[in-house]
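Below, in structure tokens: the form predicted alone, a single chain.
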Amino acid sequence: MVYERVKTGETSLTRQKTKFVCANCGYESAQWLGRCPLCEQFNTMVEELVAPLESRPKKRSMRAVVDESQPIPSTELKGTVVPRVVSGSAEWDRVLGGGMVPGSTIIVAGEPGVGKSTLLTQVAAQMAQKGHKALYVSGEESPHQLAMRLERLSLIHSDLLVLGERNVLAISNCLQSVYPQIAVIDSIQSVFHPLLTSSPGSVGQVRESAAHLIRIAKESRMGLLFIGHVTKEGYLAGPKVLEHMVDAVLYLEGEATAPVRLLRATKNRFGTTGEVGLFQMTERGLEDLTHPDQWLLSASQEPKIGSAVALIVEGRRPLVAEVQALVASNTWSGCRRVATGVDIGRLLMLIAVLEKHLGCSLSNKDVYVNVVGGLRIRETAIDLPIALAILSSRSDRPLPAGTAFFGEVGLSGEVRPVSQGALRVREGRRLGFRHCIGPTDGTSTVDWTTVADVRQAAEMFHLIGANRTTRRRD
């Protein structure tokens, strides 16, 4: 095999050289430099392989390839329907657009401990149970450690193969000899190319290893799943080109202490970008969350101070989530603003809007905002529920039960329209919310009550007058 010839020195691959290329300007150097001499940027030199002379195409064959490349009129192109591989998990298949396309490459990223390995272990085992040969390559765990997880989740199957290897050449040999329908690489940051001197996880190693495995997957039409690490900022670790090389980029989100996990697609060449799937972490692994309202809403339907129900849409999926706010007095300097499940910058903007346009004094108050269930909400339709929850806690008055809200709040205090308002209201009515309040969308809005700005919404529930009384008492 190729890997064995590399180890014994019997192949020309051992004569390959490497070069260092600046990722910013493209400057090439024979050795690593801390600072690029051309663009003067620090730590931008990335190691790359140099193709040997015997592997470069000859002039005659190059000319033949050029002559064969001819454009085709678009009228002659016919789309072919490619059958997708269904895993059995409705939420996983939903995010991918109906299942995995043969030959596609997918990367799943997320925080440590969120359940990436558990999810892809289940996907590989479920496909093995359907008769598809699956290979799980573990570069961070030994096969015995992986066997403990398989026994705990009851996923042991004869068509599920396990390989404990980090050398990309050994992994490629195994892929070409076994030819599985699906292969999982756990993780791409742990795999290394032996001809590169840089350590595993570096930019050059991740790029070369991923390119090597993707080429094999495309040629053999096998589904390739990468597990990726994320940085402390929440972005995929490694080179940005890695996201361009794969067909789909999925992020698994959720709090480690909460049972709800959200799988979000930020890139998908074979499906809708922004689609989400919901899972529940149990003792048996990640299970499809068929009734998310049971986890995203409080069990008690009684009105509570500082609580508002939000009608949101993630991808094409309507959801109902509960937003809780707590406004507490602070006699010390430096008031705190804490946001869990929403953007902290969005919270600071809403506090400024309430102080400017509603006269709600929050400069001497601590403000805490939390989304029930550990869900992270990115869309702006949650602005109005957050603002009303803060006003409810500040005025010590609960919002009425059976009422849900949605709408984006602008800097001037207006409630701006959001997409798919009718879809949000239908989901709220299905779950028993009789009154839905949101912005007008320019069409007939007989299904919900419209508000023009935050002041109108606050006066509707008498939150401004109570706020002023409370402020005088303070």
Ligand code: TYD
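Numbering starts at 1 and follows the sequence shown. Predicted, not measured: the structure shown is a model, and the values here were computed from it.
A second form of this protein, the form predicted in complex with the named molecule, is not displayed here; the remarks below concern that form.
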| Just one stretch in 174-182, 322-330, 275-283, 218-226 has heavy atoms within 4.5 Å of the named molecule in the model of the complex, so which one is it? | 275-283
| task | Could you tell me which one of Thr105, Gln126, Ser117, Ser198 places a heavy atom within 4.5 Å of the named molecule in the model of the complex? | result | Ser117
| query | Using a 4.5 Å cut on heavy atoms, which of Gly334, Pro112, Gly131, Pro400 is close to the named molecule in the model of the complex? | reply | Pro112
| message | Contact with the named molecule in the model of the complex for Leu153, defined as at least one heavy atom pair within 4.5 Å: yes or no? | response | yes
| message | At 4.5 Å between heavy atoms, is Arg149 in contact with the named molecule in the model of the complex? | response | yes
